[in-house]
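Given next, in structure tokens, is a single chain: the form predicted on its own.
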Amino acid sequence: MAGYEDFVDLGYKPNAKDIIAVFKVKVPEWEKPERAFGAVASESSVGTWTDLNIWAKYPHVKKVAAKVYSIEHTPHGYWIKIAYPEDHFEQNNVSQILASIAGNDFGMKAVDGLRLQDIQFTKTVMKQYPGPGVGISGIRKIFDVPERPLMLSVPKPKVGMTTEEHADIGYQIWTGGLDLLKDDENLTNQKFNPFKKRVEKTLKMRNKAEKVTGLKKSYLINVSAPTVEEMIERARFVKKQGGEYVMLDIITAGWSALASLRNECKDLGLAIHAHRAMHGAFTRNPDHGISMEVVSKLARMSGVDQLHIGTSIGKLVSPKEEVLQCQSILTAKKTKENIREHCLSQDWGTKKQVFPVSSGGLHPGIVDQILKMFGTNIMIQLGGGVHGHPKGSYAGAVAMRAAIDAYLDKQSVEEKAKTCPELKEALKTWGRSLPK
């Protein structure tokens, strides 16, 4: 027999060679809960909808079959834990892992909703992945900034400006006190601002800003492209022009594209900034999809150096528990269990830390709330909160830097604004308001 129920074994005890996945399951009224849970394990490993008598015909297949070993019924739904033998998965292949654990099971009639909340990887599997090549410590060395938060901004409007306008915005925010300029996630190689021209002109302005300020500046250049080959060529071009970073839209480009870029960046010595564009399509619904925690874990394993994790107070949906769990996943040597409910521990071994990036609807009046939440080992990105300043992008950058300095000096932004007219103007515009 190998029906769905045969994939439920509540007496099973996971071992060191089992990968563990936590799912929230919404069971249809017509379905038996145990069959629904077994369906998830079956379809995400070796089974199918009908009895093939698998165990009799192919007894060795059972060695890589998934097992539901824990069921918890809460007021908010069923939570199950499934053990997957690590031999079920190809080495260093995130795409294959997700095709199994988050594949057909999400579209089955046997469940009304399915949420993959977390995955715990074995030490053996964790060692197969490269992790960050540069990490937080390496990024801080680039800027010679050992402690304070690093600050970045995306030009606004985010697409449509000419190359010259884009590069000029970079110069303004760099000389205003910010560390990094960042491409928008949907700015790649459009006619109005072509990739190579943008890289050349913007890095020239970066060099000029460094001479003026005497401080290191950098540029997060989006190399997302139609093919992996073109993406790698763009990364090589960035290196030739003196860049330190590439940026990739990791969800839309895909995990295999990320793996290819990570291999190339190892040789080029470039850091990878990961944007999570499109994640909300599957992370936002608490009853169906994949959590941002899973995205964060796979990103660190795969080797990004920076990743957006949200704010909990900005314009994007991101619960406080989620962003704190993601911060832990990116920075801890060992992620603790249940910082957020139904999240698992993870031993990261020797993997470097990823710099968390807090972004989405921030402005100088609420930056202190971000720092109180995350501490100073964080990157803070402001777009509209810099370029929406009534006096322009340079003034917006000055205001942002002043807000950071105020926090580090244990000063309120209101007190700091008495000696910084740009910050005073920012507070007059936005106050302490939280974007909606």
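Here the structure is a predicted model, which means the values were calculated and not measured. From 1 onward, residues are counted along the sequence shown.
There is another form of this protein, the form predicted together with ligand CAP, and it is not shown here; the text below is about that form.
Within this chain, R276 lines the site of ligand CAP in the predicted bound form, having a heavy atom no more than 4.5 Å away. In the predicted bound form, ligand CAP stays beyond 4.5 Å of every heavy atom belonging to G38. Contact between D347 and ligand CAP in the predicted bound form is not found at the 4.5 Å heavy atom cutoff. The closest heavy atom approach of L298 to ligand CAP in the predicted bound form falls outside 4.5 Å. For ligand CAP in the predicted bound form, the listed stretch (169-177, 154-162, 213-221, 262-270) containing residues with heavy atoms inside 4.5 Å is 154-162. A heavy atom within 4.5 Å of ligand CAP in the predicted bound form is found for one listed residue only; from P149, G131, G310, G365, this is G310. Think of it this way: in the predicted bound form, ligand CAP has a heavy atom of just one of L316, L98, I142, A225 within 4.5 Å, and the residue is L316. Residues of 342-361 placing a heavy atom within 4.5 Å of ligand CAP in the predicted bound form, in sequence order: S359, G360, G361.
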